[in-house]
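To begin, one chain is listed below as structure tokens, in the form predicted alone.
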């Protein structure tokens, strides 16, 4: 029995992140690109109202409203919650056409390059991340396992959820190089899943570097909540690079440097992400960890037949 029977490729969870929107449209126009012999591939434009309006979301962030409480709301007032419930009814683990793998495509204004986000360290996810890293040396793998994100993101609706972040690209803008690099990574993911289903050797187990979530850093503000500093120019664009104690972190509006006051080096990501201003997140701090990834064999208790 195939381990993976249905894959869902999602774009437009944030309506102004056009890489995912137009990639899904491309795949819908040329479905042969994403179909594989051993499983069914579906595509979805998730936040259709936000896509039409050219905004991140209409009522609330769709990538924060797929938790159990939101999905159980009897008559949701927010468009995104109602839409999440609809998607769950179709592609959730108990839905009419459940997805074994959800690959949610996002873009960021931060200098993240190609980043694969894992919300937990399930052996299957680590194995896929290691295989893709072997093919794409520039790929970074960010683990949000300690952030609590595994319960509310759209990708959590599937059996195995992954997020692909690419950047830097401005909101509402298509950037050709990142578009094609994202497409290549999506196709490599599908090829890997197809080989795995057919028990074809993929890549030998090898070390994987995970950038582990440590916490977030807010912007310096005054007592009225007004911004008092910006990302220091020496830090801008330095995602995945070490930030040492005493290194410049912020530059105040009056020209004063605010240094990083931690005791150990950290590796910031999502630096100066435009969408995170409303969340008061100036950057996310991580620390790299190298782990050994072994080949995963699915135990019977985890097997599930999709309907």
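No experiment lies behind these values; they were computed from the predicted model shown. Residue numbers count along the first chain shown, from 1.
Although it is not shown, the form predicted in complex with another copy of the chain is what the next lines describe.
Considering another copy of the chain in the predicted complex, the lone stretch of 29-37, 259-267, 65-73, 240-248 in range is 29-37 [heavy atom distance within 4.5 Å]. 236 is the sole member of 236, 209, 198, 135 with a non-hydrogen atom lying within 4.5 angstroms of another copy of the chain in the predicted complex. Checking 192, 179, 160, 79 against another copy of the chain in the predicted complex, a heavy atom within 4.5 Å turns up for just one residue: 179. Another copy of the chain in the predicted complex comes within 4.5 Å of no heavy atom belonging to residue 215. Proximity of residue 272 to another copy of the chain in the predicted complex: non-hydrogen atoms within 4.5 Å are present. Another copy of the chain is not drawn, but in the predicted complex it has no heavy atom within 4.5 Å of residue 143. Remark: residue 18 counts among the residues lining another copy of the chain in the predicted complex, judged by a heavy atom distance of 4.5 Å or less. Residues of 81-113 placing a heavy atom within 4.5 Å of another copy of the chain in the predicted complex: 109 alone.
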